[in-house]
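Shown here is one chain on its own, the form predicted on its own, set out as structure tokens.
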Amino acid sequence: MLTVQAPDFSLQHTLECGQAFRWRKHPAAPGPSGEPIPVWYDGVIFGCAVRMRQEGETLIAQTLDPSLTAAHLRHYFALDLDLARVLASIDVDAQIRGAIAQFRGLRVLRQDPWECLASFICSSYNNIKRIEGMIERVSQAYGTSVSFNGFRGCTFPSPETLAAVPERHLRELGLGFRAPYLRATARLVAAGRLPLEQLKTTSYDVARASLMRCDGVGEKVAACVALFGLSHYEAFPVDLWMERAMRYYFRRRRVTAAKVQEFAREHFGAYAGYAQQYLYHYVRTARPG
């Protein structure tokens, strides 16, 4: 068992805000003797099956894989980031202030860039439940089985593996029109023509432009991957939920996604992506209409 100090952190808000698709929640319940069993989440990170829960300011991870370390968890959950400073920098109006108050502790994960890219290719014209199903079926079909204490999961397949999968097989897994996009992108990454790790150190604009060379990757998907997989915190993905949230700033006038992104980067600054996640979760769960 691993324990990590996690002040100013909410595991629930972080894993339930729509930025990752492979965590499974087990709600609190009474144990065999009536003792309370806290909420936990099963997932696969760094190739390891892991069970996570939070007790106060302590993050607890159970795994059978000794390769998973506390340093991995601190990195994945961005616990090294000064969240108070980040939130102070984006706390510039009443709406974002309400979102921060409601969901304080939400952090932007540092996901595996390849899995993140593949996941958001599958997100096109889709909802979270269906995205989760697609990613799970692809993992079961082509990943490596990993398990822990009743949880049976699979690693996400490498780009080299998916590059060799016939398109029809991906379609049979329910990917539909996304199948050729995923396969083509896997080939780019496998061939070294899309160096995802290198894109972490470029400017956001360079990373976004590189991602948009992939079939099926538009502005929104590129921004999501840049934010959640490459840690470009100025990225500001815009979908229908964010269009709704941003009406606050444009007095309900309809504006283009490009205009929204330009405004957000200027209004919220270098951590506009954090503002995006707080507003996205806020408008989806806390506000009516």
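In case it trips you up, residue 1 is the first one in the sequence shown, and so on. Quick caveat: nothing in here was measured; it's all calculated off a predicted structure.
This next part talks about the form predicted in complex with the DNA, which is not shown.
For the residues Arg97, Arg104, Lys200, Arg171, the 4.5 Å heavy atom test against the DNA in the predicted complex is passed only by Arg171.
Comment: the DNA is not present in this chain, but in the predicted complex one of Ala245, Val221, Ala49, Ala264 has a heavy atom within 4.5 Å of it, namely Val221. Note on the interface: of 64 to 72, 231 to 239, 37 to 45, 50 to 58, the segment with non-hydrogen atoms within 4.5 angstroms of the DNA in the predicted complex is 231 to 239.
The closest heavy atom approach of Trp114 to the DNA in the predicted complex falls outside 4.5 Å. By the criterion of a heavy atom within 4.5 Å, Val217 is counted among the residues contacting the DNA in the predicted complex.
In the predicted complex, at least one heavy atom of Gly18 sits within 4.5 Å of a heavy atom of the DNA.
Contact check for Phe77: no non-hydrogen atom falls within 4.5 Å of the DNA in the predicted complex. Using a 4.5 Å heavy atom cutoff, Tyr181, Thr256 and Tyr280 all lie near the DNA in the predicted complex.
Contacts to the DNA in the predicted complex (heavy atom within 4.5 Å) from stretch 44 to 76: none.
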